[in-house]
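Below sits a lone chain in structure tokens, taken as the form predicted alone.
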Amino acid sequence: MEHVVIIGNGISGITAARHIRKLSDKKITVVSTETDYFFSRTALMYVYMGHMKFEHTQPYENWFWKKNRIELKKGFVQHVDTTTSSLHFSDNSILNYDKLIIATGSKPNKFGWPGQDLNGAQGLYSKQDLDMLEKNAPNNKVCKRAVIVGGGLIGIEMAEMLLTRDIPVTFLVREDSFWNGVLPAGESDMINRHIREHHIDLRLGVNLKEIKDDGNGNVKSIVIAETGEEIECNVVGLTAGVSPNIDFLKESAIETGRGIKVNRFLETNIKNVYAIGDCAEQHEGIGQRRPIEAVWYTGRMMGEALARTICGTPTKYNPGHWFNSAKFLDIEYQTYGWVWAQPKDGETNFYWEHADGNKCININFNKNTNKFIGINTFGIRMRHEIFDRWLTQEQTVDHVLTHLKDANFDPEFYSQYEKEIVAKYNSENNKQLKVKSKSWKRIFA
């Protein structure tokens, strides 16, 4: 019986295992050093915030794995020998494979800051990181202040977590405005205001110089590079992005760049060895996408595609139109298609912001053809399927705005803003568009 070994029990690896089992009777072994069972990584923050217990983050009961003949092995892979098709573990055990799937995900970036390995300096990615934060910041008596380094999605999540325990937070962001390498100026300014409204000490345009030791190996304070200011704290959240977790492959024959190099079928340069999820790097990005995508849903899609390939139906990874979602404290964010921090040649943006300063949309379109390219929405929920359809159909921005009610996914009795949005667009573009009523027939067409 062919033996498929999967290193990593995150969304990518487990999706591959589940779909291989659906399609075949192959022997499957999942290897992980993090936890015994698969859990939803995106839900970790809610465990710390008290909204759920850790076991609630596990989508499957513990008996699921044995019933579906998916063997689980807990251990740390130190070396992959592709000549003998074997994995070598830190406890000196060896596991042979016929096909190998590497799905080892990401690890938090560290940039050689003095003191970055002190007790209290940590990332927020793994279950171990969550356990460490519970130890380092159980309350505001033990942790009198936390400093978060890095202005991305993990950083804002960590800030929200600490606020639920009344722990003061200072946020160091290298850029001049929060996440302005991704968001256009209007949205970035909105998030700056929203962060400060939550009494977070947001410091823009600054870098971490060092983390100081209290003499016992614990965090005492941080120093800002530009000003030399020292801020006393007990926890330093290192959230300046992530990078592929592939250090254990350094001595292997598997080709790597920043991640593990793969083709559209997620095959590496070694026969019967594949890579999926955050650790996989396409030789060239697909469309406008980056070669490495550390996104939950793309990992799931890679797992499904690879399962079909391994089970005899070669299937290219095809992620379709870009989309993503996140939450900035109280403001929900969605993006469909492409909206750049700065419009590209031939493109322009239409921006609307509500008077309360917590809702906006930003639509990117071709200034010559009016072709709809993408949309960012903050504080207004939208239907993924509708925007995916409009992008595929290459609809115009006028069509999108006219039918905006079809895309709105806010619950019943929520305020509606489509007329106000379209009125602003008409005023700026000398148009006379009228918003059409929501049509369930169109929505489910």
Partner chain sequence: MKAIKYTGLAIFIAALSIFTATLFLGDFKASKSTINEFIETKGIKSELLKKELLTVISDTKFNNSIAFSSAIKTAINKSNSYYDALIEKYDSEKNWDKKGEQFQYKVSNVGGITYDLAKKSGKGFVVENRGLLWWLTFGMGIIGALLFILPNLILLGKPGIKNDHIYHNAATSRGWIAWGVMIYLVIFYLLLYFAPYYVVNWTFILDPISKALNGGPASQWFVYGFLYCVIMIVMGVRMYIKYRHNKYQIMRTTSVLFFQIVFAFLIPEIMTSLSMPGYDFKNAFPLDYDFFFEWNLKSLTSSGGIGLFILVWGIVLTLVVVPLMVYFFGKRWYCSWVCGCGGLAETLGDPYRQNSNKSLLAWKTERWIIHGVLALSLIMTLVTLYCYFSGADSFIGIKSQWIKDTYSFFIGAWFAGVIGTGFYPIFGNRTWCRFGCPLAAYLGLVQRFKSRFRITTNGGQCISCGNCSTYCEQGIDVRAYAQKGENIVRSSCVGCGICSAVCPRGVLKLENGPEEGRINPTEVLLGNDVDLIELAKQNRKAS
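Nothing here was measured: the structure is a model prediction, and the numbers come from that model. Residue numbers count along the first chain shown, from 1.
Keep in mind that the form predicted in complex with its partner chain is not shown, yet the notes after this line are about it.
- Using a 4.5 angstroms heavy atom cutoff to its partner chain in the predicted bound form, all of 50, 326 and 381 count as contacting.
- For the chain shown alone, residue 186 is not a contact residue for its partner chain in the predicted bound form, no non-hydrogen atom being within 4.5 angstroms.
- For residue 198, a non-hydrogen atom is located within 4.5 Å of its partner chain in the predicted bound form, even though that partner is not displayed.
- Taking non-hydrogen atoms only, residue 40 approaches its partner chain to within 4.5 angstroms in the predicted bound form.
- None of the heavy atoms of residue 267 is located within 4.5 Å of its partner chain in the predicted bound form.
- With the partner omitted from this view, the residue of 99, 354, 107, 300 that lies near its partner chain in the predicted bound form is 300 [heavy atom within 4.5 Å].
- When its partner chain is considered in the predicted bound form, only one residue from 394, 388, 420, 36 comes within 4.5 Å through any heavy atom, namely 388.
- Here the chain stands alone, but in the predicted bound form its contact with its partner chain, taken as any heavy atom within 4.5 Å, falls in 161-169 among 361-369, 75-83, 229-237, 161-169.
- Contact annotation for 414-445: residues with any non-hydrogen atom within 4.5 angstroms of its partner chain in the predicted bound form are 414, 415, 438, 440, 444, listed in sequence order.
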